[in-house]
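As a starting point, one isolated chain is supplied in structure tokens, in the form predicted on its own.
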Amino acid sequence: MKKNKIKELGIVEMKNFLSYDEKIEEKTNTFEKIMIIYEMAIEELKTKINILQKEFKVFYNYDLIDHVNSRIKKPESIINKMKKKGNELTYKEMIQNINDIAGVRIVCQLKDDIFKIRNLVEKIPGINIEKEKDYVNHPKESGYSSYHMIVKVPVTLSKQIIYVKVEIQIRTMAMDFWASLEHKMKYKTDKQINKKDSKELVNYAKIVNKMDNKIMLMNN
């Protein structure tokens, strides 16, 4: 037998993959390696979701999923979130406590399709659901509406399988338009949004919700 024979695949959690007790420094090789693993998890999940999208389009002539977006959280955003949560700035703390470093957004046309997609994600082999938040039936005070899932995605490397946390957001096109606009107004500008505009955004969110409900009823 060959001396360099690869050992049988081991299954490990992301936080146990390497020793990450060192402090976070954005430009180290460690940080780059971790981010690449998160990117792998996104690609793995997107592949499975794209298969679902094509299945419904081709076999059922139904556009269940309109489009899929993804992103990796920026280093400064990760660090700011860790500081707000009171986490020690180490890689181990980052992996364990920041669940939305890798994010996938699934956008659909109809409100009731959100829950169909959620149920399909649950049935994807190997995907484990860690947490769920239903902001569709229970919107935030700001008016934000979407369905959130934290899932663990298996990333298969040559010597082991690593389970990596990815946040999934499922929302309608109307919800996505509102959320993108609200995010841009609140976080992408230097000016703070005033109370009047905040109330207007909440009102627009209610209008979006009514529109989604009416379109869903019309379709049914």
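This structure is a prediction, so every number in the text was calculated from the model and none was measured. Residue numbers run from 1 along the displayed sequence.
Not on display, but discussed next: the form predicted in complex with a small molecule.
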Since only the chain is shown here, I'm wondering whether Tyr91 would be in contact with the small molecule in the predicted complex (any heavy atom pair within 4.5 Å).
no
May I ask you to check whether Asp100 falls inside a 4.5 Å heavy atom distance of the small molecule in the predicted complex?
yes
Considering only heavy atoms, tell me if Gln53 and the small molecule come within 4.5 Å of each other in the predicted complex.
no
Would you please decide whether Lys83 lies within 4.5 angstroms of the small molecule in the predicted complex, comparing each non-hydrogen atom pair?
no
Per-stretch contact check against the small molecule in the predicted complex, the hit in 30 to 38, 152 to 160, 178 to 186, 60 to 68 (non-hydrogen atom, 4.5 angstroms):
178 to 186
